[in-house]
Every structure is written in structure tokens, then in C-alpha cells.
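Listed next as C-alpha cells: two forms of one protein chain, kept apart as structure 1 and structure 2.
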Structure 1
């Protein structure tokens, strides 16, 4: 075969190949284009599969699929498998992640005035939490979050209420009753300040060391939400639970603003509604869990003490208001939060 003939064969084959590709494109091009228009929403969370904070994302996905069938591809990544806990806000701002739960502590690093929600006795209970963040105050405090962090909070999920657990039988009614009590707190100045505001002697200690420290008497107590306390089996080395309700914590279901702003108003509304449904599912189940744990602890012979929470609230808020922490809080915001009923 001459060089000229060989070249002619190649050209013919090339034309045939192009014709086949074009024909395939007519048959399969449309579905591929549709698939490409599906908005991918990758969710990164440190929650473990059995946690309500993990299960709520399935509610988000299912709700969105019902309201906007075929419009979104929601991908849930648990156990911090996609991004380490605490790194999600930066990942969303860079456009590397679409959605994640972020904490008040995460936000206050970039928006210092948001630190008011990391202080003790600011939020009274889960119901108060929802009314604050779903009302005018929430709309106001989320504005700088959207502007400075480039993430858009969509819903508020209840993280849990911290209570004080003591290794000895003690009847605690006011902060004065915690005087001299070595209370384990996470090792940061903010947490240690909270322990001091409660009236105790705050003692920094890693969570993994708390069980043995309670058993040996190195510390007199610790504070955590009841589900965490149960999971760590602190009830085995403690006798009293003081229902101080001193920190009602939250996580905010948030989306990268770049992703959210690229959606149509109708899509934005559906995504918000799905996030609210997910938070509601989490909140209801977590609240039921905490109530059940109180009964479990009673059955184990633990003493459940209901202190004068108003006395604790006044003492702790006064301590904060006379500290440097309150200097960056927006003027009048604490009073407005307290006034929400």
C-alpha cells in the first residue's frame, strides 16, 4: 500500500469515527448535559453515624429531593472524612466545600462580637435558642457572618445543654455552693473563665483524662451535655448531677455563600426549608434523649439537683459584663436576648 493510499484510509476512518461520535452525541448528549446542571452539595461533618447531628443530614437530603427532585446531588461525608472539624468555614469560603455545620466558637474567631453566644447563661433553653436565632436578632447577627466569612447560616441545630456533674453527694443551689470545687473545664481561657463564673475552681484537663481524675479525686467534677456524660460513663465515678443549664449550645447549618447566591430564589427557599427540617429533627430527638438520660441517671442511684438557675444566671452574666469579653458585644444585645420569650 502506497503512502498516499494509507493516508486516504486514515482520513476515511477518521471521518467515520467522527460520524459515530456525533451520532452517539445525539443519543446521549442531552442526559449528560442535564446531569451536569445538577447542583452538587457536599456536606462535611465530624458527627459519627449514630449521632442525631449525622442523621439530620439524611433528613436534609430527603427533604430537598422531595421539594426539588433531580435538582441537587447531596453528598454526606461523616466522621470528618472530607475536612477536619474547624476547617470547614475556610473551605467553604475558598469554594472547596458547599455545606457544613459551624459552631459559635468557629464564628467568633472571625466575627468577635458573636462570642456573646459562647458565654454562659445567654441562651436559656432550646426553645429560647430557636426564637433568638430564627427572629430579628438572628437576622442581625448573621449579617456580618455572611459578609466576613462568606458562609450563609440556614438553620440552628441544638447541640446540647451543659450540666455540672460531681463525684460526691452535694446539694448545690447557688454559685456559692461551688466554691472550692475543682471543676474540670476544656483548656482554653474562655472555658476556664466560664468555670470561674460558675463559682468553681476551674481545672484544665483533657477529656480523655476526666474519668480517672474523677475516680481518684484529682478533680471534684466536670461539665458536659448529658449525652456526652453518658457516653463517657462518668456516672460510674460520680454521685450528683446539678442541672445548672449553664450553656445551651448550637451548631449552625451553613452553606458557602458562593453556592447559595448562585441558586435561584426558589432553590434558595427549598434549601432553607430542608435545613430547617433537618434542624427540627435533630432538636426534637436530642431533647428527648436528654430527658431520658436524667431518668436513667436517677435509676442508677444518682442524685439530681435542681439549683436556683436565676441566681446562677445573674452571677455569671454579671461576671461577663464586668470582663473584657463583654466590651466587644454589640450594645444592648444581651438585654434584647434576655427579653426574648
Structure 2
């Protein structure tokens, strides 16, 4: 549009249009002091609102808006409402999403050697997990994630220790007792392999569909950390919890590298600090909760089974160590993970 026609439009459209045009920064000689546009950070997670790893995103938002007032617009989307569970890394790489928690199983699809963290009975407890991922091993294993996935992990949150939950009353002592049990696992081959290693018949399903599947009997059970099981109310449609402790699970609060790399170093530091504050809030609450939920479930009339965890550990570890997954684990990494105290 020439300057002449532009002026003409303004004259005929009146002052209101002028104000809008100026506010949008389209006017000639628009004032330089105009408010900077905020960087939008859309977050997508499958977490349900009551879960700590859903609430932690509010901590992220509050912390960031306090440390960098007016610079960011953090938008939280729960219940996989924005992106389907497991599709978040691709959405971030394509530039359609700025942040998401991603799992070791998500990462393994692109960085196969990361599958070491999908194996049961490797990470011992939440403290071991934090030391592994926040130390030299973390720095090393996140490098190919940044290079190959175009996402930048900023903090490691403890998702909890996964237990098996069954819709029927059943006594499970060893993996043999799970034979033929249709155990729901998240939908990827890395997750299904874990279900198989536990002795069950794994069935892929998104988290959001688990409640109904338990209720109708499409599946016989599912595995999840107890706080998530409570937040999603799976106890309403289950009778038995088998305390297998089979996976000390993590999610990595990650940002699209395109977004992260476009920020100033000061902004990057604030975003990282906010992600770490969120993970800390989640970890503290979740650890406290995990200890108390067993009694809560007992009080609700659920059967809590203490299986032969050594039998599960041996079966799961043997299955992984003899699999193709283990063949590509970096030499010596397992020993180094075990040596972290």
C-alpha cells in the first residue's frame, strides 16, 4: 500500500482504526516504545489436573512470570488436550509446541541408546534418579537428545515408581502369575517390551482411555505410579495393587530448541530455573504422597500385594540384558549408572 492510499484509508476510517493500526505497530512512524510481544510458551501434557506433574506447570508459570515480568505468556494444556500423548516431541520439533514433559520411551524412538532408562530395575530410587540425570551422565546422555530431537531438556521430574494395578482380586507373587494378563501400557514398543518383561500380555492404550478400559474389562490392569493412579481415579475400577516397584520413572521438562535458542542468555537461565522449581515441587510432593497412598488405598478396600520383587527384578533384568536394546547401550554406561551413589 502506498503512503497516499494508506493516509486516505485512515482519514475515511476514522480515529478508531488509527488507534488499532498504531497499536499493531503498522502505522508509519509507529512509536518505538510499543510493548514488546510476549513469547508464548504452550505446554502440552497428558497429566490430569489433580496430579502433581500437572500442578507443577503452574509453579513453572508463576516462577517465570515473577522472574521475567511481561516477557512470557505461559499456556498450560492438560489431559493431552492439545497434543496426543507421545506426539509432543514431534510437535516441538515442527515448531507447533514450545514445551512438554517427555519420557525416556519418547526419546528412545529417536535416540535408541536412551532405552537404557526405559529398562526396569535400573534406576534405584528418586535420589539415584536425580543424581544420575543432574550429574555428568545426564550432561552426556542429553547431548544427542538436543542434537537429534531439536528439544532441550531443562529439568528431570520424578514421575514415581511404577506398580501394577489389576481390576480383579488376584494374588501375584512372580512374573508367572501375570501370564495372560492384559496389561495396558502406553502405546510404543519400548513400553510394550516392559509389560512383556513383567510376564504380562501388554496392550497399548493412551492414558486418557485407561479408566474406561478398566471399567469395561477391555484390559485386566495397568501400570503407573500410585499418585497418578489416584489422580486419575483408577482405584475406582481396580481391586489389586501389586507393589512390583518395577520402574523408577522420570519425565524430562523440555523446550523446543528453536524457542530456547532464540532467547537471550538471561531468559534461558530464567526458563531453566523455573523448570527446575517446577520439578522440585513435583518431586517433593510426589515422594511424600507415595508413602501415604498405600494406606489410603488399603482404607478404600484395595488389596495390596507384596510380590517377590527379586523374582520380578531377575526376570526383567534378564529380559533386557538379552534384548537388542542392550546391544546398543553405550559401553560401561550401565556400570556407571549403578556406581552413582
Ligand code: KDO
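Positions refer to the first chain, counted from 1. Keep in mind the model is a prediction, meaning the values are calculated, not measured. By rigid core we mean the largest C-alpha set that fits within 1.5 Å across both forms.
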Self-check item: Of the two forms shown alone, the one predicted together with the ligand
Solution: 2
Self-check item: Threshold 2 Å Cα movement between structures 1 and 2 for residue 229, core superposed
Solution: yes
Quiz item: Is residue 140 one of the residues whose C-alpha moves 2 Å or more between structures 1 and 2 after the core fit?
Solution: no
Self-check item: residue 115 C-alpha moves between structures 1 and 2 by 2 Å or more, core aligned
Solution: no
Practice problem: May I ask for the C-alpha shift of residue 296 between structures 1 and 2, in Å, based on superposition of the rigid core? | Solution: 3.5
Self-check item: After superposing on the core, C-alpha shift for residue 309 between structures 1 and 2 in angstrom
Solution: 6.8
